Ligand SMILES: C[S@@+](CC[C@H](N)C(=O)[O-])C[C@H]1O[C@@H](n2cnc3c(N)ncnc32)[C@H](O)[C@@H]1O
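A single chain comes next, written as structure tokens; it is the form predicted alone.
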């Protein structure tokens, strides 16, 4: 394929994605080609035309045709990037979002700034493992325990831990919340990206988000049921001066403050905004 044909291929695919309502059609076309050709973006434009054969061309068109149905690209490709690492994703796990990188960054900074040695960290609702694997990779002496109610999610997380060299660092436990954990277990940090969407909001979510497992998104009681559990139970599993950090929805900050106002087990509450100035991560210290 010559360079002109290659550019036409890209432009045609961009137009199809744009017409289907895809927000970033150019970026998605690049991601698809980078995946198929196993090249970085610069080499895509330098050498992409020479690398495409009929087999890859056919796969490219199949992926574009499936994507215009608004099925998530990450599920089509079977992978998603998070914190500079490539993670396997399947429909059994939620597609990671950039907002969760903020939670990881806060956790890493806390452990580093406090100079905690061999910190014990609990990840509740591990999903694809992006939080546990990222924290383990960034904190070489940390000990991670990752729990999830879904056996399928735990298997995906295990595979990601192996692929990214962290399998010996993380203990995976199937559990509904804290149920399978002994109360003798104590952690320096409890992390979670919990389900926090209310049932009546669920159907209005973007098509791509609706492809995520519903159990990862929706919680009863205006999206606060699982968050209530985290707030209620975490102090029993935290070491002295330990912290609980979790993500919240855009309109839940005031409700979190109400939930914790009279809970004297917590010394302080902070709410961190994301890059869009939306309240995103709660930090509770005991």
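Residue numbers count along the first chain shown, from 1. None of the values given here were measured: they were computed from a predicted structure.
Separately, the form predicted together with this ligand exists; it is not shown, and the next lines address it.
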As a check of understanding, the residue in 166, 150, 90, 159 with any heavy atom within 4.5 Å of this ligand in the predicted bound form should be identified as 150
Output flag, 223, 230 and 252 jointly within 4.5 Å of this ligand in the predicted bound form, heavy atom basis
no
task: May I ask you to state whether residue 72 is within 4.5 Å of this ligand in the predicted bound form, using heavy atom distances?
output: no
Is there a heavy atom of residue 94 lying 4.5 Å or less from a heavy atom of this ligand in the predicted bound form?
yes
Q.
Please determine whether residue 145 contacts this ligand in the predicted bound form, using a 4.5 Å cut-off between heavy atoms.
A. no
Next on the checklist: Please tell me whether any heavy atom belonging to residue 125 falls inside 4.5 Å of a heavy atom of this ligand, as the geometry stands in the predicted bound form.
Outcome noted: yes
Assert contact_stretch over 128-136, 201-209, 107-115, 181-189 against this ligand in the predicted bound form, heavy atom within 4.5 Å, equals 128-136
Applying a 4.5 angstroms cut-off on non-hydrogen atoms, the residues of 171-185 near this ligand in the predicted bound form are 175, 176, 177
